[in-house]
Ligand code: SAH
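Next comes just one chain, in structure tokens: the form predicted alone.
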């Protein structure tokens, strides 16, 4: 898959491609990352890509013309590589929240053009004409779209075949089945602490796979019910909870 990133700070992406497990996605070209410096498409000698907002107010607005030229260059490069037209994603507080479901869909797609905004925002005329989707990481504001772009690329890259040591690892991640993940334990079996010894839950040492699977499911349900009850409601709407799940949830209220 391919990501084209329009950004004023392409240098932020270089270290990201050489560390961690997602490095494998870039080395193998499972994820092909192309960085486009927006200032290269400015008209004047100052390489200006922003100007004051009509109507007044603080902050600057990113100009239409450099963005149009950058996108045209990307489309030309994609065509020369024999690729298809990729959707343009803008990171914006007004966008829909990024979810694991959306990440999974993107991971199975050919990719996207990621637009990293800066300043007060982007001229709405470019958004209306060229942006296919707006995404938000949450109800807060960042200095620009580079961190959201890195977040999205990381979330998608780790789902590519061969990136994780165990291909089934991501299937147990939080949100992969609509719920939060269960607790995990490793060595030592008994941890000595000043306030007393803490042992691994006995069921995990039992070797009984069905019991272990049920314990993990109940832990997921309990944690999600306490911390993200909205996810329980969504799972119900999607028919993702079994009768056994519902009995367990009901027991939590007793």
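Residue numbers count along the first chain shown, from 1. All values derive from a computational prediction rather than experimental measurement.
The form predicted in complex with the ligand exists for this protein as well; it is not shown, and the discussion that follows is about that form.
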Quiz item: Which pick from 120, 154, 133, 177 sits with a heavy atom within 4.5 Å of the ligand in the predicted bound form?
Solution: 120
Exercise. Please determine, with the chain shown alone, which of 178-186, 112-120, 156-164, 80-88 has non-hydrogen atoms within 4.5 Å of the ligand in the predicted bound form.
Key: 112-120
Quiz item: Hey, in the predicted bound form, does residue 143 get a heavy atom within 4.5 angstroms of the ligand?
Solution: yes
Quiz prompt | in the predicted bound form, residue 137 touching the ligand (heavy atom, 4.5 Å) | solution = yes
Quiz item: Listed by sequence position, which residues of 147-161 have a non-hydrogen atom within 4.5 angstroms of the ligand in the predicted bound form?
Solution: 148
